[in-house]
Structures are given as structure tokens and as C-alpha cells.
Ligand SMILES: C[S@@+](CC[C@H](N)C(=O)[O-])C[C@H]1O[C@@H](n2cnc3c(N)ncnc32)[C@H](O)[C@@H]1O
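In C-alpha cells, one chain follows: the form predicted on its own.
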């Protein structure tokens, strides 16, 4: 893996909505570096562990050269000790600073739509909880296909609304009623649409599955972290605090919030 530069990010042209989201995400992660990791390392399933462990389990024990796109605080780095090389990239100075502080690297400031990586030089690209943030996503997926070697793998996880269990519905309603707004994402796409986008980039889906992980709601601080980790560009602080207070009243031993995740694995044609 070569041509890596930590000197600056290259930003893709975007419409007004994309520009608004880019500004919001920059501020969000500047004020909350590592917040996604804090939620996902607390979310658990007895059969697969955390969402990060589930993503890692889809890769070979020795995954070769690995590129971690939108790596954030690089929580996957410690799970990839068997890799020949690892590089994490992100657009957030603060997230990368935390990754370096935690000894996870190398990491570099770069944009997924203009990867500072040579063609066909990477065995595995991973993208954890960020594929829906990449804009324009078609350009980002084309870049993934460009840097992957023939037969190379893209492994992603992203938040979804399903699956859940019946008890999740009331707690979700508690949050939404407090916020008076649904959590947002820059873009949402279902299984079929994502498969089509990947195919257009030259990537073929080989596995796609959704699982529910349980995030503990046992203390008021669990409620605060759960709400603060949501993307809420149109919700003011008083409403967020109201949602936190309502959710905190539901905290009790054994209580959970759902963290529903979809894992998609795709391969570049050999």
C-alpha cells in the first residue's frame, strides 16, 4: 500500500444536502470522538460477541493488506493483528487523534471518494458503521473496487431498523417521543439497492445478514450515551435532554436497547 498522505482530505463535490451533512458530521465527531466505539463495544450477542467481532469473523485469519475506510477511532485495529499491513483513513482530525492516542495505526486523514492508495493493492477493505455516510457513495464504491485486488473483499456493517424484539418497540417509542423526531442518516438503502450499487462498482455480494445486538440500559449514563450517539441534525439540545431523561427512567437491570446491524460482504471480480 503506497501513496499514503496524512496532509489533508480531498472532499467530493456534493449538493446542498450533502454539504449540510458534511458540516454536521464534522462537528459531531469533533465533539464526540470515539462515541460509536463506546456504543458498539457495549452491544453484545452471546453467539458472535460485539458487532466489531462479527465483522472481523467474516475475514480470513490472515487478511493480508487491509484498508479501514472511515475508521473513526480505529476500534477494529486490535482485531486485525494477523494482517500484513493496516491503514485506517478518516476525515475527522479528532477521531484520528484518538486512534493515535490509543496506539492504533497507522491512520491518515483522507476521503473515501479519493483514496490515496494504488490500484489493486489491497486485499480487504472494511467499513464499519459508515458506508451510509460516504458521499457520493457511487464514487466511494468505485474507489473501493479500484484499490482492491481481483478477488479482494469489501466487508461492511451498517445500522438498520430490523431485526428487533417486541420489548424494543416501547423503548424506541420513548426515545422518539422525547426527541419528537426520528434519528437520521445522510442516506439509507436496503439490501437490494445496496447490492445493485455494489454491482455497478464491480463488486458482487457474497453474504448479507442482519442481527440484533443488545445495548445495556441499566444506568442513566447508558441512556445518555445511546441518545448522544444518534445523528440528530435537526434536534436541539433541550429535546435531546428530554429524550435522555425519559429513557433513563426506563433503565433497570437486564434492560436493553436494540443495536440492529446489517453485515454485507462483497468481492471484486477476479
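Numbering follows the first chain given and starts at 1. None of the values given here were measured: they were computed from a predicted structure.
There is another form of this protein, the form predicted in complex with the named molecule, and it is not shown here; the text below is about that form.
Taking the partner from elsewhere, no residue among 123, 143 and 207 has a non-hydrogen atom within 4.5 angstroms of the named molecule in the model of the complex.
Of the stretches 189 to 197, 166 to 174, 103 to 111, 143 to 151, only 103 to 111 has residues with a heavy atom within 4.5 Å of the named molecule in the model of the complex.
Residue 215 falls outside the set of residues with a heavy atom inside 4.5 Å of the named molecule in the model of the complex. The named molecule is not shown here, but in the model of the complex it comes within 4.5 Å of a heavy atom of residue 128.
At a distance threshold of 4.5 angstroms between non-hydrogen atoms, residue 70 is in contact with the named molecule in the model of the complex. Under a 4.5 angstroms non-hydrogen atom cutoff, the named molecule in the model of the complex lacks residue 44 among its neighbouring residues. The partner is absent here; in the model of the complex, the one residue of 133, 139, 160, 80 having a heavy atom within 4.5 Å of the named molecule is 133.
Along 60 to 97, these residues reach a heavy atom to within 4.5 Å of the named molecule in the model of the complex: 70, 71, 72, 75, 89, 90, 91, 92, 95.
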